[in-house]
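A single chain comes next, written as structure tokens; it is the form predicted on its own.
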């Protein structure tokens, strides 16, 4: 499979008379864009705001992030979601780089929603502060979940994907500025100089714990709670086969933007044919019962062994209960002779002294930490808020609270905030793009 991603590098985003792209400037006709978003009858109120790096702007509650893309051949950008179900991972896709479309709640937040600061001290906590963010700030008629802590947020999330495709259409017929090519020969037909290198497989564990459908990540539009481990081509991940769900604390999430730009996959591609033989992706899942967790680990280990993997990287979306799937999978791989490294964040408590993962195993002896979800973050008032700041304290965002006996409320009267890292949108970069490092004492 050969995937070509044609890149258009956006330097600035402006509102104007015509939706267009020229010389690095993305111009959006706001009236036309709002009319397109409102085609979904479940969107009851919506605005579009632009947030740029370096601004003293705070965005909350953030529900989803998507890179604007389009397929020149007319196939949908997200098969089974924004259009007909078709294979992806092959052919050409055009992408607007340096920008993302954010789905933001106009009033109501949810457990899995997060916060982004575009400037100041808070900007260092998330890679999204480095992008120009085109924010769909919306309210919906989904009254059934209005005051639920855990929301599906379907209308806002779907609007984000649809609008990302809408913007991508601007460059559908244009010549890309650069083209990235991702191609792997079939495993059994690779050249000898590649086949003799250490063979490595990436095991991904997207969020799929919610037994009620509609909260979990989707693969080709299919709710991953009903999924079993499957071998996938890495191009499918980069090319829209997966979209993010609404579950999991924000810092631990993989947004759709993360799937589209998965750093670990890109790094494995860079090393393919040089230091490793990149076999592909075993797409696993995260389960509720112990029996389900064990079954998935058996599937993963069998596939890795059958593929001839010498090594594996395992990465989980989330923490807590998913840690059991994560560690069990690492152990199962080690048991069949596949040397394994894990990538995850950890939950060591506000003081950093608690057990980092819910469960551990002596065979999980090569773990990469991307940060502590419980780390306290204190930030000054922002000049501008996109969304509703009070959502951080009021609506059950993991990492925010209405009142704490010691720390008081997350949102203070002067507009400053205190929260756990949990609420920083995709802040831990578990896809492999973490900007954090370790300190020695």
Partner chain sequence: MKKAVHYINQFFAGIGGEEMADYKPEIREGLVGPSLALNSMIDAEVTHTIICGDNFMGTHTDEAVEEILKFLEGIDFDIFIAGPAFNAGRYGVACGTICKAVKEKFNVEAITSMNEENPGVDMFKKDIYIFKGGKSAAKLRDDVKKMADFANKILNGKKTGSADEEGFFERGIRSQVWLDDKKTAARRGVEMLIKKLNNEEFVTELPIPKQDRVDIAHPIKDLSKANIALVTTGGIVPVENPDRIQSASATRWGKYDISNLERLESGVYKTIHAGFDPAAADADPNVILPLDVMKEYLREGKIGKLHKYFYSTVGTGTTQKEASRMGKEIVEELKKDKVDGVILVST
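Predicted model only: the values in this text are computed from it and were never measured. Positions refer to the first chain, counted from 1.
A second form of this protein, the form predicted in complex with its partner chain, is not displayed here; the remarks below concern that form.
Residue heavy atoms within 4.5 Å of its partner chain in the predicted bound form occur in exactly one stretch of 153-161, 178-186, 67-75, 354-362, and that stretch is 354-362. Though the partner is left out of this view, residue 89 does not reach within 4.5 Å of its partner chain in the predicted bound form, counting heavy atoms only. Mapping the unseen interface onto this chain, residue 107 falls outside it, with no heavy atom inside 4.5 Å of its partner chain in the predicted bound form. For the chain shown alone, residue 271 is a contact residue for its partner chain in the predicted bound form, at least one non-hydrogen atom being within 4.5 angstroms. Using a 4.5 Å cutoff between non-hydrogen atoms, residue 295 does not count as a contact of its partner chain in the predicted bound form. Between the options 280, 79, 371, 98, the residue in contact with its partner chain in the predicted bound form by a heavy atom within 4.5 angstroms is 371. With the partner omitted here, the residue from 140, 235, 209, 340 that has a non-hydrogen atom within 4.5 angstroms of its partner chain in the predicted bound form is 340. No residue in the set 7, 83 and 221 has a non-hydrogen atom no more than 4.5 Å from its partner chain in the predicted bound form.
Although its partner chain is not shown here, in the predicted bound form the stretch 244-273 places heavy atoms of 263, 264, 267, 268, 271 within 4.5 Å of it, in sequence order.
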